[in-house]
Ligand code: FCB
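Below sits a lone chain in structure tokens, taken as the form predicted alone.
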Amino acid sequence: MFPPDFAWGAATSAYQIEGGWQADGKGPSIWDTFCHEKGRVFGEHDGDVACNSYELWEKDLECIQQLGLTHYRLSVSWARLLPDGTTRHVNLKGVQYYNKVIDDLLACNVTPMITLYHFDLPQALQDQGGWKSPDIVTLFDSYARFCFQTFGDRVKLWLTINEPYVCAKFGHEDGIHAPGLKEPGITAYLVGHNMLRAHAMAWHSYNSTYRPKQKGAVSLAINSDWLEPLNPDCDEDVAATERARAFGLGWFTWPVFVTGDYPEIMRSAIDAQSKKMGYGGGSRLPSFLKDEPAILGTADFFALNYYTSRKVKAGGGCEQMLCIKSDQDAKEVLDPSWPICGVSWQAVVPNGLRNLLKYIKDTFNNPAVYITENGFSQVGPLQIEDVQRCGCYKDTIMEMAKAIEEDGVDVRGYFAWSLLDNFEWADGFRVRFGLFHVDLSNGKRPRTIYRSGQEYTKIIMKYKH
């Protein structure tokens, strides 16, 4: 059912679990700044301590071993390694921390997958314009080279940027993620563009300088829901679904996997809306320049973060302003038959993953796929016996198996989100995704396995060779 070398993993990110926000010379990140401003995060929560993985790494390693994982996806904190964001000043304590994590994982026969950027830009770089600044591209490349040079002898699976869509839209248009900018209509497209350029430059650096010796693989993690028309017989709903898909999945995959440019549907929709609103400043969606490193082909595998599905109908872009929502002109709705787990946005649709995997195979020339995040949330009273989540994991993994066996999708691995209950961005600690519960009321931050963690272990043991 699953290939013998299938990657069974769990995922985390630095800001969400590490804590130690000022420890041992770490510089501040945009999430440190964002959380310390009143009213930004649920309950004024922050990641100052979080799961305290910076001090309790051995406890995390015990959890990883208890689950029987073959792989562990983590991110390194740019500001912990390079406090001002540049290689002018390297924080050796940060290097030591990640060296220990990597060495400990390998000693336990667990393969690390490392994300270079998981939302936590050094504040020093934000002060210079952050992802809006064209300078960020070479700064990111320099950071990526530093990590390849420092850790690449042992790390063979790399992700440059996690969910560029979320960084661009939530951080720079909606203002609900760090850096908290509400600049609709232009900034998110500029930020997304610079993220793609930064990713491509880092991939080319790896390809030319490090790959010959290190022989690893590099990609970027794309988040996408499965989208389908609310009424498949309605041409407007079908067209709206295509637009929504272009603005979601297509925005960051089309340039990398298909054409080296943005989806035509996306550009024409943006330009049409600009014309309608009397915007005369040229296309709001930037263009890739001929003399830059090529974007096309800069992913060695397809990394997918999948959480839920949506039905799409025409309309929904009626706002009297330029923004992604009005550009897209499509409304996403839930099917009332889908169960909701935890947060209101997360409908449980296991076969949505299978549909999306088949779509990726057909659209992007059958790439190797890693599901780099998939999980189920819990809110309200703690349930260690999380029966619904157990069922969700089981059903979703079975749908993934069907995608492999019946649809011929080349799925190489599955990473549950998340190893631990952690800081869930604007939701703080209110939303729990962990396979292990972390008791935040106890200074020692004890980890307790959920029933879903035990069930995931049974699945791994059944198929692990």
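Computed from a predicted model, the values in this text were never measured in an experiment. We number the residues from 1 along the sequence you see.
The form predicted in complex with the ligand exists for this protein as well; it is not shown, and the discussion that follows is about that form.
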Subject >> Heavy atom contact within 4.5 Å of the ligand in the predicted complex, the stretch among 63-71, 28-36, 422-430, 42-50 >> reply: 422-430
Original post:
Quick one: of Arg245, Arg80, His118, His199, which gets a non-hydrogen atom within 4.5 angstroms of the ligand in the predicted complex?
Top reply: His118
**OP:** Let me know the one among Asp329, Asp141, Glu163, Asp237 whose heavy atoms come within 4.5 Å of the ligand in the predicted complex, would you?
**Re:** Glu163
Original post:
Counting only non-hydrogen atoms and a 4.5 angstroms cut-off, does Gln16 reach the ligand in the predicted complex?
Top reply: yes
Subject >> Touches the ligand in the predicted complex: Tyr97 (any heavy atom, 4.5 Å) >> reply: no
Original post:
Does the 4.5 Å heavy atom contact test between Tyr307 and the ligand in the predicted complex come out positive?
Top reply: yes
Original post:
Taking heavy atoms and a 4.5 Å cut-off, does Trp417 contact the ligand in the predicted complex?
Top reply: yes
**OP:** Counting only non-hydrogen atoms and a 4.5 Å cut-off, give the residues of 362-379 close to the ligand in the predicted complex.
**Re:** Glu373
